[in-house]
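In the structure tokens that follow, the same protein chain appears in two forms, which are kept apart as structure 1 and structure 2.
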Structure 1
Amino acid sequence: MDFLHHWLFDAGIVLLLFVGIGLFRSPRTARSGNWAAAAALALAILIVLLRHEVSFLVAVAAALALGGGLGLLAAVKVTMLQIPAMVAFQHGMGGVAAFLISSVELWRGSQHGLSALGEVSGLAGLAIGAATFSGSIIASGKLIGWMKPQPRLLPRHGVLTVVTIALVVAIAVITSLLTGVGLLICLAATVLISVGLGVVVSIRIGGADMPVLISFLNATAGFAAAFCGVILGSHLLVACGATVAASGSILTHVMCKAMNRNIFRVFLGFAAGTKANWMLKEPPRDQPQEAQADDGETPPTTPPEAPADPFELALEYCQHAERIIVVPGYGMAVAQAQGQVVTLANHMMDQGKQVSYAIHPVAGRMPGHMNVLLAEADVDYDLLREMDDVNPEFREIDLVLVVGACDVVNPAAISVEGTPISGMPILKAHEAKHVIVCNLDERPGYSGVPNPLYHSPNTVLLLGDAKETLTRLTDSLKAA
């Protein structure tokens, strides 16, 4: 009967967690989903404390208070710009918890007996948790700017990754055969080599592949937690960990599909080419061609007509456009310009124009980054359109407003081979009649690949702080 009660409680908590995850599908219900998922996790903690005799209850309470306080502080202080790095860091903390718990249970099991399934699960939780920790720290460092975001390739990097994986498995097998001091040494060795594996895997990933890494680390953290649940004999932890692992795996598949990537190539593949193969030279802007005279001398040329003021040209585009698509990117998050983007879009809609938002699957630094930013600015979710849905329409669009995006609208992805984004599907903004780019500068995006869109004849560059640029553009439209 107690087992039945436990099973019913566990099933109810998992069901509540599923309800919360289901509510994440829409910005209108996402807040409720967050509360539901948080309630499920709080109930899970409470049930674990009630079911087991807890020693050092004061220490447990202090740890809960400290962890909850730090989490609350992070939630209050962290900006949307820092959210991707924080998510990666949280995955790492899940990995730490997994390998610490696995280490303790493996040591206890060696003294009091442990089933073969429990031992295998403990070793898996130990290795995956340690690798998740180091990989997540590297990812967080890249996302927050403490490390260079570009991929770093070691000599024979793919082979090194495979060898490290094999070494982790070999040490884990040896660990399962030992007790006492030898067990402790092998446990430490397994953790250290697994930490090295996480570093080797994560440093070779950068640029547009970062969302794949984040979603993959989400999956591995879930797997580590599920294996911990097996060694602890906790059906609840197994279910919650498996849920996270499944969702992270599905998201990883979706991210790879969106970028036309093979997951084995992302994590084990070699560089497609060197920088010299794909570095694009910026074409000259507004420079006339000089004709050569018959005598070999260059005749004097008439000075070219001064180009139109970019802002005035952008204002004219906005005034005459009837169909507009807004493409947000990470630079919008940096400038915290989502409010100004929505204000401008709403003003144009008030004028009877048709405005929508095109969201690339890997825009930003993690899956759904732009969706969250725009939802925060109260954008109607029906106005957000996916890449496959909107790409066929760009040829008929009067104006595309690119705000802080580069790689996701970079035509080099489909026209230049050997770049970090080659083969990645993009939003085909370059096919529109006119394009306005609101970026801080003309530098390449996260991938490091220069964007030929910036020099297209139908593109107007409005360089500088996007928040100020968009505010000025909105005010000028209202005054016109």
Structure 2
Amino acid sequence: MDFLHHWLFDAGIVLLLFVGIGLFRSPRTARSGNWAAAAALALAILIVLLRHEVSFLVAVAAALALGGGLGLLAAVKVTMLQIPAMVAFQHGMGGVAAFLISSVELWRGSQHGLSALGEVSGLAGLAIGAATFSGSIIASGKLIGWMKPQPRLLPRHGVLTVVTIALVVAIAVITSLLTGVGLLICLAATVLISVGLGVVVSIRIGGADMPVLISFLNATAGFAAAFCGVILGSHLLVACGATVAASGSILTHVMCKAMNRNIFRVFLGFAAGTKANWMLKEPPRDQPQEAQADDGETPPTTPPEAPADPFELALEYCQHAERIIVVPGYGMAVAQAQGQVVTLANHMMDQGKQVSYAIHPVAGRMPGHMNVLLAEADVDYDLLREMDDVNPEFREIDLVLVVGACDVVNPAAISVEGTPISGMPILKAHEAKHVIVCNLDERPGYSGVPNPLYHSPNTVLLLGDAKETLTRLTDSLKAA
């Protein structure tokens, strides 16, 4: 009877959790979904406290208050630009909890017998938790700017990664055979090498690849929790961990697909070294229109009396456009120009123009980051549109305003073979009648592939600080 009760309670909690995730289907209900999931976790904690005699209650309460207090403080202080760093850091904290709990349970199990299943899962939880910890701390450090954001490649990095993984497995196998002091030493060694593995995997990733890494760490944190649950014999922990692992895996897949990357290539990079090939094949910079001609669309329609000043031209485009799409990139967030973008867009909407925002899946530093940044700047979520939804419409768009984005609108992804971005789905800004690019400079994006869109006759380049440019543009529009 007691057993049945346990099962029913556990199933109820997991159900509440799934209801919470189900409510994330729509931004209207997502907030209640978050609270449902929080309630599920609170119930789970309550049930554990009721079922088990927890000793040292004061110390336990103090630990919970300390961690919870710091968590809340961080939640209030963090800016939306720092969210990826914060989430990465939290993945790391989850990893710490998983490997500490696994190690204590493995130690206790060695004293009074542990099933083979418990042993294996405990070691998996230990290794994955420790690697998630170090990988997340590196990711967080890169995102917040305490470490150089560029990828760091060690000699034979792919081989090194595989060897480290093999080493972790080997030492874990040895650990499972030992007891007493030998076990303690080997547990510590497993943790240390796994920490090394996390470092090796994450230092090679940087810039626009960060969303892949951060999603992957989300998945590994989930797997670590699930394995931890097996050694503890807690179905609830296994169910929650597996759900998180599913979520992280889906996001990793979405990110890889949106960049046309293979996960093995991102983390192991055996296929690196193709750079030299596309450098040769790349069309000469002075005739980039050739790349454009493939699309067979949009004959150059530069007005004959076009003013020489790009700013005047941009102003004219803004005045005459009826349908406008804004393409924001991470550069916009770095320049903190969201407010100026939204002011300009709102002004054009007030004039009766149709404005929406096209969000590439990898815009920003974690999945969906750009949406949060724009929602914070008070953009109606109905105006934030996904790539597949908006791409067929670019042909009928009068003006595309690119702010701080490069690779995600680079038509070379379609027209040039063999570049790092070839085959990557892009926002088809080049199909629109006119394009205004508000970037800091003409330099290529993270991929290093020059963007022929910049030199298209339909494009106006407004280089410099996007904040200033957009303010000037809005003011001139209002004055006109």
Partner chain sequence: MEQLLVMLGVFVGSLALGYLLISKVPQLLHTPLMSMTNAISAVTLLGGLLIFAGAGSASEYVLGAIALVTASFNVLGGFAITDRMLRFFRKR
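We call the rigid core the largest set of C-alpha positions that still match within 1.5 Å between the two forms. On a predicted model such as this, the values are computed, not experimentally measured, just so you know. All residue numbers here refer to structure 1's sequence, counted from 1.
Looking at the condition given, the form predicted alone, one finds it describes the source of structure 1 alone. Once both forms are fitted on their rigid core, the CA atom of residue 107 lies less than 2 Å apart between the two structures. In a rigid-core overlay of the protein, residue 314 has its C-alpha displaced by at least 2 Å between the two structures.
Residue 339: CA moves 2 Å or more between the two structures after rigid-core fitting. The two forms, fitted on their core, place the C-alpha of residue 461 4.9 Å apart, compared between the two structures. The shift recorded for the CA atom of residue 435 between the two structures is 3.0 Å, with superposition on the rigid core.
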